[in-house]
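Below you will find one chain, with nothing else, as structure tokens; this is the form predicted on its own, and questions on how it binds or moves follow later.
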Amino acid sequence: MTAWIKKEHVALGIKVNNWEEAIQASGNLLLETGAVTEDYIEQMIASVKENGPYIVIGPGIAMAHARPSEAVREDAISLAVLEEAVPFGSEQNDPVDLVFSFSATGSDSHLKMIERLSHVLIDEDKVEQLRQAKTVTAVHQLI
């Protein structure tokens, strides 16, 4: 899992005003390391506009992504821990403060990344530790 989530892909205390800024912030972590292009971030936001808040997979947790495309350069996962949670429009799981973004070069890696990340996020204690972590290193060790 840490092969996909580099320390540069994690940021804490991110300030945003809405869900679009939250996805942009998480996507920027992938953009800055060259894992995706700006187009991919736009595709992730467009996917939520088109399909609704299906990416909000648990209480306070969003998993932003788009289909594998030419805008993806490598398999990677990012995490933006928001300073204050924002609504994504999910009746059951709003507001969101943990925004993962992942980029996959193909369908197989896409499914593997979802599966591996789900194993982490199903552990409520670990999720709470992610929220309380004070350093990127601490987050990286939890994942």
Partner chain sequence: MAKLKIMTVCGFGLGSSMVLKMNLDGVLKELGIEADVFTGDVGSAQSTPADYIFTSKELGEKLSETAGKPVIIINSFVNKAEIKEKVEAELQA
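Positions refer to the first chain, counted from 1. Being a predicted model, the structure only gives us computed values, none of them experimental.
The same protein also has a form predicted together with the partner chain, omitted here; what follows describes it.
For the candidate spot formed by Glu50, Asn93 and Leu111, every residue has a non-hydrogen atom within 4.5 angstroms of the partner chain in the predicted complex. In the predicted complex, the partner chain lies within 4.5 Å of some heavy atom of Pro68. For Ala85, no non-hydrogen atom is located within 4.5 Å of the partner chain in the predicted complex, even though that partner is not displayed. A residue is said to contact a partner when one of its heavy atoms sits within 4.5 Å of a partner heavy atom; Phe102 meets this definition for the partner chain in the predicted complex.
With a 4.5 Å cutoff on heavy atoms, Leu31 does not count as touching the partner chain in the predicted complex; it lies far away. Scanning 113-138 for heavy atoms within 4.5 Å of the partner chain in the predicted complex gives Ile114, Glu115, Ser118, Leu121, Ile122 in sequence order.
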